[in-house]
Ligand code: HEC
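The chain below stands alone, shown as structure tokens; this is the form predicted on its own.
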């Protein structure tokens, strides 16, 4: 925060606080010719209904002054005046770190006890799976869904399809380090006709309805432009995260229009790395839970 912004915030906060005090004092002071308490003010309705001068109790007015006093104490103790950190030096980052440290002291030994066990063994441990499920709901359900079946652009974790590998080690690596799936745009290279032909060939690989003539023309383009990632037979390359095009699993949709859109504009999918805020031990238990989702029950 710049020095100018600091003093601007101080001016606004202090000015508004003093302004509230002045407004209360000004509005509550007696006025010349004002009716006394209990007197009729002169406002009458329907001949019988009259307005009396009965001001609010003084204790109610003093609540405003007490609130302003509390404001001054709060701003002295906690941050609120620009760069001034308060007498206690409190910050939301510091409180967060304190709570994390307290949680690590409480739950760290539990995760440490699981870290020494094999992921496949943990995937059969009901207690470990309950812990892993809570981690999943907290950190993963926003993208993959509470049932882990994913959504458009976010993979289903309950089937046997794994672009980066479905072994326990590969899953843990995905959680710790994240993944970056990039499908480059081929629209400028293939052209509109070539894109449609390749899309038909890609659909034919998984047995979907396609135009046989266009698919045959698209195979030649596929063999020159796509095999480096998806392999000559279209089964993909897990080392690159290139999906298998011969199954019926489609991350972004398997219609002709969607496949053409993927070829034309490309796709960018990112799985964020969780190592910094989960750590190895928690990721170990989470990997066991994710691994269990795709295993036969």
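Numbering follows the first chain given and starts at 1. In this text the structure is predicted, and so the values were computed from the model without any measurement.
Below: the form predicted in complex with the ligand, not depicted.
- In short, of 108-116, 208-216, 121-129, 158-166 it is 158-166 that has heavy atoms within 4.5 Å of the ligand in the model of the complex.
- Using a 4.5 angstroms limit between non-hydrogen atoms, residue 184 touches the ligand in the model of the complex.
- Although the partner is absent here, residue 204 sits far enough away that none of its heavy atoms falls within 4.5 Å of the ligand in the model of the complex.
- Within 4.5 Å of any heavy atom of the ligand in the model of the complex lies no heavy atom of residue 256.
- The closest non-hydrogen atom of residue 143 lies within 4.5 Å of the ligand in the model of the complex.
- 272 is the sole member of 42, 30, 272, 57 with a non-hydrogen atom lying within 4.5 angstroms of the ligand in the model of the complex.
- Contact with the ligand in the model of the complex, judged by any heavy atom within 4.5 Å, is made by just one of 50, 53, 268, 67: 268.
- Along 195-229, these residues reach a heavy atom to within 4.5 Å of the ligand in the model of the complex: 198, 202, 222, 225, 226, 229.
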